[in-house]
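Starting off, we have a lone chain in the form predicted alone, written out as structure tokens.
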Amino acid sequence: MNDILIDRDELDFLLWDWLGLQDVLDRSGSEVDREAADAILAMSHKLARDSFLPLFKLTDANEPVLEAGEVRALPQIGEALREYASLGLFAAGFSEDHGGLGMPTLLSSGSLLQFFAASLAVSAYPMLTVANARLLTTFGSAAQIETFAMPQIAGEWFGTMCLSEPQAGSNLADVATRAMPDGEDGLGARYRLFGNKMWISGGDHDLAGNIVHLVLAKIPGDDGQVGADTRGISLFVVPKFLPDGARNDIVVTGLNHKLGYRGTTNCVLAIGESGSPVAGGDGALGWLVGEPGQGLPQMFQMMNEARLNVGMGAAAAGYRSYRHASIYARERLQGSPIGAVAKTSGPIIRHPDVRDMLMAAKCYGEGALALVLYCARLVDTAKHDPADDALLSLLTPVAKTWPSEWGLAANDIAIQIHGGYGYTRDFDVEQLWRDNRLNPIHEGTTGIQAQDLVGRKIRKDKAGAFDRLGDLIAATVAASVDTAMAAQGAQLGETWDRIAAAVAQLRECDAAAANENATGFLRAFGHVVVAWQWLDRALLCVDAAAEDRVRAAKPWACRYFFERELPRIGAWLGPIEGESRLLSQMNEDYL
């Protein structure tokens, strides 16, 4: 098995040289210094390589099973996650007050990337658990934090988010799960919950001592009815096992068998539907988190964290596929380029077509890594700077979508470079494609992210985040003047002007017209953001020595992205510029 995770030289360049991790550490007040940070990254790589990577194919071939109402997962997953917990990695990003290490998000993300690269399926458990515990530490009572969050921060219990229902996928207004008041106790307002949840990752398993579900449900009004919108949605903490050890009324009614991510259990849950009494009554017991009716705003904290992590996982999987393809292209002997003097077979990396594909995959994989780590840095700086918080909000749909779409494209390219072998299970690239194919879907599809970007972030940009991003891009363009990247700087400036003009149109047209072309705008906007970051990194490397492999390659990759990728935005912005209503005017019978 090849040890192909995140190249440490690449990671160090991004964290220390480009994103200034040292400055982040200094401002965070963390006791972690450069030596400790390097040790954390080295330790993460070793654990990912030794314990997570061997589970990559093993979990794919041995899916969870449902036996007598209990979900059984591969025991080795639990062993790997106990090692993860023993190193304090569940607790990495939490404050010392909550038993954490106080690690900045930028550093903890650099660590997490190695695990995502090794196994998306195994890494999903700590990803969800950490986000669950963070929500509770933000909105939960002291008793709820102590009872439900602290065991997750220690890695002893795992957590989930329960939003979707069989009849309610992305439209949470259709949530029908009900929560009936049942008095109060030491954990706060207690409720009895009744309903069904669908697509619950980590919804049941035997890998941890308990599973803490965060459940969206509606509290009925005085007439006993639940509303048809999102205003009445509240958030409840509903554990598999109650604090006294009794089993709650949460029943797995089915497992979803997926194309990829097969090591992550994915469940259909019946909550409070079995008829078996719990603590003297019907329904699953749960406790209200925060105030009634605030469930959706609270859950958006976990959803946004999960969206950034989905982008991170997609970036890691796409980047790993690129590395596999790069190695294979150097080892596979096949044919000779046209015009070559020697006609003997050589490595396929000599062929222009293969070089074209490899450079595209490199731009997608490394571009995605840079994007998600840039946003991780914004998570840190946003705690003290409202402008960075607004910029993070603007970029979150991009950080979720661009790696999911283009990391997957890197996976596809890697299969193509491997030829027929890539289509077999003998090589990792086919599974990396299958695992990554979920990422454009979960935590909000590409279309949902486009509606968020255009409807909420662009048309309602009261904080001026778009203009601030424009200022950052303008600074990079200015820095490129009188350098070897001046042509790329000028191209970026012209492209941003076109984006800004499209934004003006989207703000002036009605909501339906803006929504119709939102996905095209998201793709154009994402490409421009990634182009800006490619140029920003390339400017640090224009004088790099040829033997400095990581840095010397950056200007070449930047030139490729600007030559081959940035022109795509014309096709994406064209319908906006032309005020197209083709999709809404088309007869659906023609589809």
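Treat the numbers as computed from the prediction; the structure is a model and nothing was measured. We number the residues from 1 along the sequence you see.
The next section is about a form of this same protein that is not shown, the form predicted together with a further copy of the same chain.
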Exercise. For the chain seen here without its partner, which of 289-297, 351-359, 75-83, 141-149 has a heavy atom within 4.5 Å of a further copy of the same chain in the model of the complex?
Worked result: 351-359
Exercise. Could you tell me if Arg49 has a non-hydrogen atom within 4.5 Å of a further copy of the same chain in the model of the complex?
Worked result: no
Exercise. Is Leu58 close enough to touch a further copy of the same chain in the model of the complex, meaning at least one heavy atom pair within 4.5 Å?
Worked result: no
For this session: Considering only heavy atoms, tell me if Ser580 and a further copy of the same chain come within 4.5 Å of each other in the model of the complex.
Result: yes
Exercise. Taking 4.5 angstroms as the cut-off for heavy atoms, does Arg549 touch a further copy of the same chain in the model of the complex?
Worked result: yes
For this session: Verify the flagged residues Tyr261, Leu408 and Gly420 against a further copy of the same chain in the model of the complex: is each one within 4.5 Å by a non-hydrogen atom?
Result: yes
Seminar exercise, completed: Note: exactly one of Gly188, Gly493, Gly335, Gly88 sits with a heavy atom within 4.5 Å of a further copy of the same chain in the model of the complex, namely Gly335
For this session: Name the residue from Asn210, Ser393, Thr483, Ser170 that puts a heavy atom within 4.5 Å of a further copy of the same chain in the model of the complex.
Result: Ser170
For this session: Check each residue of 398-436 against a further copy of the same chain in the model of the complex and list those with a heavy atom within 4.5 Å, in sequence order.
Result: Leu408, Asp412, Ile415, Gln416, Gly419, Gly420, Tyr421, Tyr423, Thr424, Arg425, Glu430, Trp433, Arg434, Asp435
